[in-house]
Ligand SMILES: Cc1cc2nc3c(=O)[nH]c(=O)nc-3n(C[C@H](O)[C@H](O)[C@H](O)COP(=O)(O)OP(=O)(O)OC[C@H]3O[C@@H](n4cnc5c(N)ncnc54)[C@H](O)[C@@H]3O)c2cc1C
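First, one chain by itself: the form predicted alone, in structure tokens.
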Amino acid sequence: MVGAGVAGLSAACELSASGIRVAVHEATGHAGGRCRSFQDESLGALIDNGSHLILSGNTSIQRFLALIGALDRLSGPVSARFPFLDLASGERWTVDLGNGRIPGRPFSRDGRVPGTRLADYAKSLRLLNASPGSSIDDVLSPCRRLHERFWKPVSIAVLNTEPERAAAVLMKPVLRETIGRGGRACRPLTATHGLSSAFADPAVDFLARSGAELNFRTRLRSIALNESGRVTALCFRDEEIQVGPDDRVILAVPARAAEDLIPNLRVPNEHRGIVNVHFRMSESVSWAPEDPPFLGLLGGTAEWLFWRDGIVSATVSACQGDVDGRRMAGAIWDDVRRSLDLGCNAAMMPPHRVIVERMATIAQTPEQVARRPGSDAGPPGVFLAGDWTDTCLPATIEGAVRSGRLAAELVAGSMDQVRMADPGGASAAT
């Protein structure tokens, strides 16, 4: 296993749980990849590398957390409620999908997004028939204000791509697996004590208990292939590991790294960035514990606010080019101040930390979606995992976790074939 991000951890844990010997090699000194937490000394707080919202209908995440014993590390409101604020008009509303098996609240007038009609919701079903080349705007702009006040901010958050270019087909599974299954599958969840506590730390503990070998600060430089194209060795900075014919390799690395390692591999080559700014708030700012710990914003610079333990985190998605997060921080703080009704006394920015992920995800356009390789696109014995692979899902945590499981299933299946051919042979996943 090369890579200990969420995709790699997912694959490693699935294989370890099935009794397959696993060795994990990670280039950095920590697990989790972009899904991690760290202690920021200037803020005096534990913050996440980026803010992530998980839905109760994300079945791959639920399965993964259940496997590693971390289901209780997510928390959220008891019903599927999504608060929004239009900073331009000052109007606030909450999209409430309830707790039922169907999203019934929008069928009542008081449960709809302000200014929307029942017909707008019916038009949202166009997503289920979206063609491979259509964008979010192509499909959902006829939904009028529902598109502007719900689908657009949601799709930007999910796809991290501007709606005029974002591939509508990637929202099909979102509609089928979450919104289409009603409030019970749409309850918003966040990591109670940070992303590392929910995903990385319990996965590493699970692997250690299962006897997996964990190697950090081991960057893969190249892969040696024989004349038939099968991998024979993994060449790291300080050592070379031989790969036998019965061994299997999962590359859970970024798309560009996989492209460099595997000859003639076609991968997405366009990306989008995300800017997160974390603000240390004063003790006078508080929130009701029963409220969702986030707020969707329209008409400003920031698009979503999240809060936990005295830190407010603002997110700006679908960033392109050379993004200067520090220059954006002032406008983002103004959005935070107005959103939380802090008044003129909070005009000066509090202590804050800017994090810019310039290549947070692939650009999820129709052209880039067509470049996503399957998990089996590598050389014989090499499988791929990552949110950039062809899972039919957006490049999210759910997509990353599912990619790891798909790669693990392919490895296990190929090893079963080896065992049938040679019952006495030994095999491992690297």
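Keep in mind that what you see is a predicted model, and the values were worked out from it rather than measured. Residue numbers here begin at 1 and follow the sequence given.
Below: the form predicted together with this ligand, not depicted.
Within this chain, residue 178 is remote from the site of this ligand in the predicted bound form, having no heavy atom within 4.5 Å. Under a 4.5 angstroms non-hydrogen atom cutoff, this ligand in the predicted bound form has residue 254 among its neighbouring residues. This ligand is not drawn, but in the predicted bound form it has a heavy atom within 4.5 Å of residue 52. Contact between residue 196 and this ligand in the predicted bound form is not found at the 4.5 Å heavy atom cutoff. Residues of just one listed stretch (37 to 45, 62 to 70, 365 to 373, 381 to 389) have heavy atoms within 4.5 Å of this ligand in the predicted bound form: 381 to 389. Remark: all three candidate residues (6, 32 and 261) come within 4.5 Å of this ligand in the predicted bound form, counting heavy atoms only. Though this ligand is absent from this view, in the predicted bound form it lies within 4.5 Å of a heavy atom of just one residue from 140, 171, 231, 274, which is 274. Along 6 to 28, a non-hydrogen atom within 4.5 Å of this ligand in the predicted bound form is carried by 6, 7, 8, 25, 26, 27, 28, in order along the sequence.
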